[in-house]
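Here's a solo chain for you in structure tokens, the form predicted alone.
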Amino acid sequence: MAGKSGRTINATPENVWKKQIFSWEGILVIIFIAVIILCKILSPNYTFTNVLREMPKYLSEIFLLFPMAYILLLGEIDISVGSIVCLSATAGCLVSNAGVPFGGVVIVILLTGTICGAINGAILVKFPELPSMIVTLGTQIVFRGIAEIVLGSGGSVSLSNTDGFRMIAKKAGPFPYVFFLVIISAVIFTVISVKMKFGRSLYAIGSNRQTAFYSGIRVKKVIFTAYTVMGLFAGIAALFLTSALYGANTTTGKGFEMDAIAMAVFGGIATTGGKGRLVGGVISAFIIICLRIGLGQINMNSQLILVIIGILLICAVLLPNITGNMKLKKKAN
């Protein structure tokens, strides 16, 4: 029917459930269920208890997803986070072996990560003309290079005292402590991105940085904060990764940046900035983790697992474009 303004008003109410199911997050939930079923078929050992037992060594990567999503929403990127994890874990192991109490070790690990993140943010704020990919590529080399200098080429360090790390690696029932911290972090980051001024600023800057600046948003402060938080959570990831491995080496955290970006992009967060929701990133993270555990249980080659995850990522990037083109053609007809 037509209103007084001449606009057509749909008398049939919009089907909210249908909209949710066919949203990207709804499709991800369906994919998650399909992955669980597939892994259960492939591996008889793929049980809830076994998945939770293997999950801690993968959960540390999810900590990188949350701030990485913020950085991608800004239209930026950070490929140095794997090296920050390596340097933070190395620093933590060294001070722990030097006899520093566990509380001090935690501070050193988190402080190392935060400083590295702040360095990235400071450079990008001071020199906005520099692409974030180039800057973080440079710091990626520097941070891992420092770790290699300390450990020696191909070197490693093992914890001589694992008491504190064993404590944070404990479980509440079948669930590891890190699982609850991941869920709490997911809720906090999601609420900030949806309800808080900082979250709205991320979307505004990612959509149009110049417009955001002239609308009163402190663009430089938001960018610096996002990269500093990225460093802090890289430190948290290093802390829990060390509690799972009881040591560090020059390859610690290698590829973590790509995993965090893959989780975010597969979750529907656009690399061009200003689009996407963190909820999708969280769902995609658990899809990737459960898929890795399931395929690992049947002794599938790790490189082949990466190929499969890469194909999923390409499909996730292409699907919105394909569906968008189909809708345009449908309207044209």
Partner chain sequence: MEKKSIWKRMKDSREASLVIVLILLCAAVSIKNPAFLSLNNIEEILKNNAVTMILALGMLCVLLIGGIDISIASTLAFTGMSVGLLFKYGYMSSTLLGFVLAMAIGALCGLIIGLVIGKGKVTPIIATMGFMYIYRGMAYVVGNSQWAGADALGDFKNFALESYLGFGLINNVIMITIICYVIFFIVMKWTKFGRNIYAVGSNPEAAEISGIHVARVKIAVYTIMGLLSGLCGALATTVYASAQPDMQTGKEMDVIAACVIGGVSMSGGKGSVAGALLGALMLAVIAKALPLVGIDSLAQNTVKGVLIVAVIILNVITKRAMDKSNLERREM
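The shown structure was predicted, so the numbers you read here are calculated from the model rather than taken from an experiment. Residue numbers count along the first chain shown, from 1.
Below, we refer to the form predicted in complex with the partner chain, which is not included among the displayed structures.
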| property | result |
| --- | --- |
| Non-hydrogen atom within 4.5 angstroms of the partner chain in the predicted bound form for each of 54, 100 and 185 | no |
| Interface membership of residue 59, the partner chain in the predicted bound form, 4.5 Å heavy atom rule | no |
| Distance check, residue 249 to the partner chain in the predicted bound form, heavy atom within 4.5 Å | no |
| Contact of residue 146 with the partner chain in the predicted bound form (heavy atom, 4.5 Å) | yes |
| Heavy atom of residue 49 within 4.5 Å of the partner chain in the predicted bound form | no |
| The partner chain: the contacting residue among 39, 287, 265, 279 in the predicted bound form [heavy atom, 4.5 Å] | 265 |
| Partner-contacting position among 137, 168, 115, 94 - heavy atom within 4.5 Å of the partner chain in the predicted bound form | 137 |
| Interface segment, criterion being heavy atoms within 4.5 Å of the partner chain in the predicted bound form, picked from 82-90, 238-246, 146-154, 171-179 | 146-154 |
| Interface residues of 112-146 toward the partner chain, as seen in the predicted bound form [heavy atoms, 4.5 Å] | 123, 126, 127, 128, 129, 130, 131, 133, 134, 135, 137, 138, 139, 140, 141, 142, 145, 146 |
| Distance direction in the predicted bound form for the C-alpha atoms of residue 154 and residue 81, relative to the displayed form (3 angstroms or more) | farther |
